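Next comes just one chain, in structure tokens: the form predicted alone.
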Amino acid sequence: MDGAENGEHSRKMVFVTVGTTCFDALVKAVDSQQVREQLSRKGYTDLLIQMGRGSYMPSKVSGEDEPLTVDYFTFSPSIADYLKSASLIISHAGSGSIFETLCLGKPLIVVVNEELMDNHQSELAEELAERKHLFYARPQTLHQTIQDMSPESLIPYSPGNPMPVVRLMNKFLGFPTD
């Protein structure tokens, strides 16, 4: 029993999410041999892909001889438990997914969908990467980002406190300010 428990504790899951969109380029990238090898080299043991509306079907891999177990699903009512149990999250550039992950203090690689026109999401991802809160990649550079990343170098994200603005608005509108 101790051996099984120790085996469980040494598992490190990577959770990939594309949200409710179709982002086959990201799913194909994480399904590539290059990305799976880099994840395995970094000590990750499990890869779980939430593939959304995409049509590309990643390969499921399991077995004791495989360094990285791979599984996937389309949608879930909530991905909160997956985010909490993951050691690394690879996500599309949706602001909800980004900030939910950052608030959990998990290492995050944001992959921008270059097929979207007027992609304001890339601006958010680039800014947060410059501030060292996350890593930023494109589908074709994901394997290199994983190879080069050092999760210890990330700076924890601290969400802002909205209360000073709320108090100011309440005072302006004549509401109680307590």
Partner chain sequence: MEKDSDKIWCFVLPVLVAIFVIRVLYVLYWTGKPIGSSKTHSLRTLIVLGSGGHTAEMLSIMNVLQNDIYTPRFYVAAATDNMSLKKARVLEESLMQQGENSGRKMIEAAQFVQIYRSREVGQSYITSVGTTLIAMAHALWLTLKIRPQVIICNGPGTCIPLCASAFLFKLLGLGWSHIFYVESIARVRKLSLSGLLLYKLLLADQFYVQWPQLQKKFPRAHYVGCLM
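Everything quoted here is computed from the prediction, not taken from an experiment. Residue numbers count along the first chain shown, from 1. If you superpose the two forms and keep the largest set of C-alpha atoms that fall within 1.5 Å, you have the rigid core.
If you look for the form predicted together with its partner chain, you will not find it shown, but the lines that follow are about it.
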Contact flag, M169 vs its partner chain in the predicted complex, heavy atom cut 4.5 Å: yes
Does G96 reach its partner chain in the predicted complex if we count a contact as any heavy atom within 4.5 Å? yes
L124: heavy atom within 4.5 Å of its partner chain in the predicted complex? yes
Can you tell me if L128 lies within 4.5 angstroms of its partner chain in the predicted complex, counting non-hydrogen atoms only? yes
Checking H120, R41, K132, K60 against its partner chain in the predicted complex, the residue with a non-hydrogen atom inside 4.5 angstroms turns out to be H120
Sequence order please: the residues of 152-172 with a heavy atom within 4.5 Å of its partner chain in the predicted complex. Y157, P159, G160, N161, P162, M163, P164, V165, V166, L168, M169, N170, K171, F172
When the two forms are laid on each other by their rigid core, does P156 show a Cα shift of 2 Å or more between this form and the one not shown? no
